[in-house]
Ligand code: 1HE
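Below sits a lone chain in structure tokens, taken as the form predicted on its own.
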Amino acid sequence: MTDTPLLIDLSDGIATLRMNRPDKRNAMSDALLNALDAFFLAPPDGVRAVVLTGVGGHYCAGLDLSQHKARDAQATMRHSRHWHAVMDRIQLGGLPVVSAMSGAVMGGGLELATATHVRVADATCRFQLPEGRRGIFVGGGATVRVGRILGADRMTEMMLTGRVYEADEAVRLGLAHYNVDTGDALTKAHDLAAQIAQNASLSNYIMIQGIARINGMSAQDGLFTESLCAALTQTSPDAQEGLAAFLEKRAPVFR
């Protein structure tokens, strides 16, 4: 099944997506990128959370340079903007996405990971932006997503030197949220996805749609948008169920 770039498994409201290019450390090809795009453009009915991982011991080693095509400036910009559109669909599509990471999380792989909402790294993870060593620049959103996590100064140093961060450092810096033992990332990611899937779907959707956008707004615009998000969620049937469950000392059952 190595000719299928993305393996999809559906179980109990959770979709597990496995990037399936093990001979390339799951480096991103156009076919893999388009398969991810197709899934997030039209997720199957009933999916409440997604786990994204790679087969063969690696998450994603970035752009597959063996498939790199000589492009002029306009074609290169269009290719980059396609990456941006797919990453935006993952981050802002409304489905919570948990990354289960091992091995290489490099270049475009790190751009992909930082478009997901919860990131679990095992002890084998290596985080890097190696573009400087290739004479190129990031094009899949790192200057925004990675830059907002690390800050411009630290990201510049990371790119200039090719610095590699291991899992414990990645958690300290915010590139990952959890650091687990070798081989345990997928189990932890599924546990987290199952927990997230039990939340009210509206509040999950609003958190995904709202927080990232508010982060890019002025303070006053952000506060107003926060009030809109609060009004939508706190007047919903799910909010009534959440309050009733709290008062009745039981677990809520959301739609």
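Note that the structure is a prediction, hence the values are computed from the model and not measured. Residue numbers run from 1 along the displayed sequence.
Unshown form predicted together with the named molecule; subsequent notes refer to it.
J.: Would you check whether the named molecule, in the predicted complex, lies within 4.5 angstroms of a non-hydrogen atom from each of Ala61, Leu65 and Glu131?
T.: Per the other structure, all of Ala61, Leu65 and Glu131 touch the named molecule.
J.: Looking in the predicted complex, any heavy atom of Val98 within 4.5 Å of the named molecule?
T.: No, Val98 stays farther than 4.5 Å from the named molecule in the predicted complex.
J.: Looking at the partner-bound form in the predicted complex, is Arg18 within 4.5 Å of the named molecule by any heavy atom?
T.: Answer no; every heavy atom of Arg18 is more than 4.5 Å from the named molecule in the predicted complex.
J.: Does Met155 make contact with the named molecule in the predicted complex, using a 4.5 Å heavy atom cut-off?
T.: No, no contact at 4.5 Å.
J.: Should Ala185 be counted as a contact of the named molecule in the predicted complex, where contact means heavy atoms within 4.5 Å?
T.: No, Ala185 is distant from the partner.
J.: If contact means a heavy atom within 4.5 Å, which one of 177-185, 143-151, 114-122, 98-106 is the stretch that engages the named molecule in the predicted complex?
T.: Careful reading of the contacts points to 98-106.
J.: Please identify the residue among Ala85, Ile136, Met77, Leu92 with any heavy atom within 4.5 Å of the named molecule in the predicted complex.
T.: Among Ala85, Ile136, Met77, Leu92, a heavy atom within 4.5 Å of the named molecule in the predicted complex occurs only for Ile136.
J.: Can you name the residues of 193-217 that have a non-hydrogen atom within 4.5 angstroms of the named molecule in the predicted complex?
T.: Result: empty, none.
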